[in-house]
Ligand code: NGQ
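Quick heads-up: it's one chain on its own, the form predicted on its own, in structure tokens.
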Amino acid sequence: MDEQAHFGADQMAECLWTPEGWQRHARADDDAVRARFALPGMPNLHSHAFQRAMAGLAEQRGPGDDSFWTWRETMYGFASRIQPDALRAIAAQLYVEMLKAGYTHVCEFHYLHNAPNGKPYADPAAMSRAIIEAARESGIGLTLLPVLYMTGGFDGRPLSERQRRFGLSVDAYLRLLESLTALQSPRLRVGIALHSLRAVPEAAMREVLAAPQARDCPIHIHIAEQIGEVQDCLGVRNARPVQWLFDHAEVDPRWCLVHATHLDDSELRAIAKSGAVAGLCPTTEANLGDGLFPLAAYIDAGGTLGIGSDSHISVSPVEELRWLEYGQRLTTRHRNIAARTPGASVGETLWGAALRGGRQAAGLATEARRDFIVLDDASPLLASRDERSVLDSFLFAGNTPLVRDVVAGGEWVVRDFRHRDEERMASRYGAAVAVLSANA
């Protein structure tokens, strides 16, 4: 990367949005970009990178009622064919798409650990290293969250044959964490992911959370995504999932509770009070038929939230935030739900909340970072817009891409809508997906 690839102190944004409001001709992190409208880049707090290559392949009706659980079987079959080189190609292409859409950091909830036969690779971190290399190639920041996945249900049943490549013992998991933590850098953080309460026994959860590797790092978990999960937890543990977690772990701001769709009032208040992040993935939750998060009540309780693209049937912070709001409008038959006070902007409310929660979930510093996106002020969608209306127009005025340029880690990775290595990444991705399709 040559000197001109870095943005310099002489490059100024006419209007730079911050969570505290718009700043005119203001520097950000000692630097800023020359543009009319610049925004901090959005963290994507929940990603399963390999699932990008199966987007659209689970949309044919089965013999009975389709659900999350039938989709999961399709996903297992697809995951069984992916090796490290293919994972690297898929993840790199996905991360290019994320950057072009306005995501500048991603939390990778990574559970493809073992070979397809369930045995460890010669290098147990081979699949994790594929993700790390994909992030490095693309230029996106990465919080890698290796996943502990041990059982097939709340009753402790063994993993099925197709789940075996996800499985690790606690000792193997902690060794993997230790080896990955040694690779940390300014653009790579490592945290902990517990797949779910049904996949991690209580004793294993306690052992991992007490380990030195768990000190001061992000902790993510899938929780209360499906009604069936809530019912199973009640049946086996005599408690709802979020209730059980708060009774058995010290949930604090390091935690990200992914989905948390099905909450009662006491669970909602507990999450909000703890400072943990509710990790919301509206497009995936809609695609899988999960349900709708109780957004207004959660905001009113002071809760922290962020967004993720999860299964990547859509890779767009605009669409995640738009459908977070629109889902609430459809159920309440009212408008402007996220903006809780008169005169508040829905766009600024949502972008600011997801920015703060995403940074927290990723384990990033809360101060301004050298990650920015520049909007295309030449687009008709932003004609005659000013600071008072540009974020609302960005999120709600249409589907034309408006992210023109992207700075990630202080480097230009997207200029004039083109990623710096777009063609090579796309070509390699196409070849990898062709092989996966031929082996189906």
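Treat the numbers as computed from the prediction; the structure is a model and nothing was measured. Numbering starts at 1 and follows the sequence shown.
Omitted here: the form predicted together with the named molecule. The next part is about that form.
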Assert contact_stretch over 74 to 82, 89 to 97, 174 to 182, 322 to 330 against the named molecule in the predicted bound form, heavy atom within 4.5 Å, equals 74 to 82
- Item | Contact test in the predicted bound form: E225 vs the named molecule, heavy atoms, 4.5 Å | yes
> Taking the shortest heavy atom distance, is F68 within 4.5 Å of the named molecule in the predicted bound form?
Replying inline: yes
Non-hydrogen atom contact H48 with the named molecule in the predicted bound form at 4.5 angstroms = yes
**Asked** So, in the predicted bound form, is Y149 in contact with the named molecule at a 4.5 angstroms heavy atom limit?
**Response** yes
In this chain shown alone, the residue from Y298, Y111, F154, W244 with a heavy atom within 4.5 Å of the named molecule in the predicted bound form is Y111
The one residue among R189, R254, R359, R198 placing a heavy atom within 4.5 Å of the named molecule in the predicted bound form is R198
